[in-house]
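Shown next as structure tokens: one chain only, the form predicted on its own.
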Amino acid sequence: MRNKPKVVWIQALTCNGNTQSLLSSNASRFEQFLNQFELVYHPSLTHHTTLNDVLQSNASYDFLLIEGALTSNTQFLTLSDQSSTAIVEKLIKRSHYVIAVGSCASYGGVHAKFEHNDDVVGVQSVVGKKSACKSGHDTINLTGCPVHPEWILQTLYTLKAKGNIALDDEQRPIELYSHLAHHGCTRNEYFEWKVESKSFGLKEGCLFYEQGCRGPMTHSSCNKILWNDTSSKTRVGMPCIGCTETDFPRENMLETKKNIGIPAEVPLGISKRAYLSLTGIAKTFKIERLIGKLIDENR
């Protein structure tokens, strides 16, 4: 691949959250990205090139990044007087790699829930799992609502350096999505001993049993590659809502669905019977260190 690979970023049905996420990336990494890649077009970040310029040009692009869900229905969205689906179908043939940025671009996301338009889909549904891009590389899904900015940059750098990136069954980079959000969670000791958090926003307690946390069943490296190099949802007392999985968004995301007091879903890799046995044993222990506040200023 040439130096300064060219990047085109298209926005379809989106809240702009993934662009905001990119702008919140580590400042030095974002500067490095701008120095080593040529951002040819982004509707909010570039001014020297319009979407019409891109569409009317015969130029090839190294990376076609798509934010937001696609629709062929022009009553819902037009870009340069065309549907978002039509634009992507044209640009894919001139691009080496196709990357769906965020859960809406990957699976349709919240926009696919609209009852008045059953034509809202993710990029893969339009271009195919094995896309027709110039490199022949599979369509890459970077799921998340929004996607972690470092995952965008790491994927671009990996492709720039190696020309290929290994994907899981959902077309996500294995390096970024092989772990669970549970891995690296600072509340794991509370999870193991079944000490529940009393409410959102606290440093103490597990958020799985009562607060709807999806960390034990969500493929994501949020707790290993921290947001803003500092934190994550679970570290500030916000349950993981499973935004990197195909069933996002679900209903009642901040509740743990139960049957007769038993979680309807248990952590990946363990049977419900084994989970219940371990839970019963763990609850018989009372560990004083895990009951009090981590930082008790009145003590």
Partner chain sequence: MKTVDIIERIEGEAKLNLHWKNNRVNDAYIEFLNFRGFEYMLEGKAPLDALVYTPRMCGICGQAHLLATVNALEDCYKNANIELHVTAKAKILRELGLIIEIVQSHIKWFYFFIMPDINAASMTPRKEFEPLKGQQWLKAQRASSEITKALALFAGQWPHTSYMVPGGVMCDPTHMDMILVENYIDQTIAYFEKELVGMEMQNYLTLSQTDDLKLLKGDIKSFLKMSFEQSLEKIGQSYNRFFVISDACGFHKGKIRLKNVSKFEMNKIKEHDDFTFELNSKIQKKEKYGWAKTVKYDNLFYETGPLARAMTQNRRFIKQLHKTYDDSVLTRVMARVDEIAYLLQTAKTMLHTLDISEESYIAPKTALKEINSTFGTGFIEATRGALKHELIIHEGKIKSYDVVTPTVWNLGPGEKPDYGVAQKALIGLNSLQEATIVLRSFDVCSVCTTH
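Residue numbers count along the first chain shown, from 1. Remember, it's a predicted structure, so these values are computed and weren't measured experimentally.
One more form of this protein exists, namely the form predicted together with its partner chain; it is left out here, but the text below deals with it.
J.: Taking its partner chain as it sits in the model of the complex, is residue 157 in contact with it (heavy atom to heavy atom, 4.5 Å or less)?
T.: No.
J.: Taking its partner chain as it sits in the model of the complex, is residue 238 near enough to touch it, meaning that at least one heavy atom pair lies within 4.5 angstroms?
T.: Answer yes; at least one heavy atom of residue 238 falls within 4.5 Å of its partner chain in the model of the complex.
J.: Going by a heavy atom distance of 4.5 Å, is residue 78 a contact of its partner chain in the model of the complex?
T.: It does: once its partner chain is placed as it appears in the model of the complex, residue 78 has a heavy atom within 4.5 Å of it.
J.: Would you classify residue 290 as touching its partner chain in the model of the complex, given a 4.5 Å non-hydrogen atom cut-off?
T.: Output for residue 290 is no: heavy atoms all beyond 4.5 Å of its partner chain.
J.: Go through 45, 262, 268, 59 and name the one with a heavy atom inside 4.5 Å of its partner chain in the model of the complex.
T.: Exactly one listed residue reaches within 4.5 Å, namely 45.
J.: Among the candidate stretches 121-129, 158-166, 89-97, 139-147, which one is within 4.5 Å of its partner chain in the model of the complex when only heavy atoms are counted?
T.: Flagged stretch: 139-147.
J.: Can you tell me which bits of 113-145 touch its partner chain in the model of the complex, meaning any heavy atom within 4.5 Å?
T.: Those in contact are 113, 114, 116, 145.
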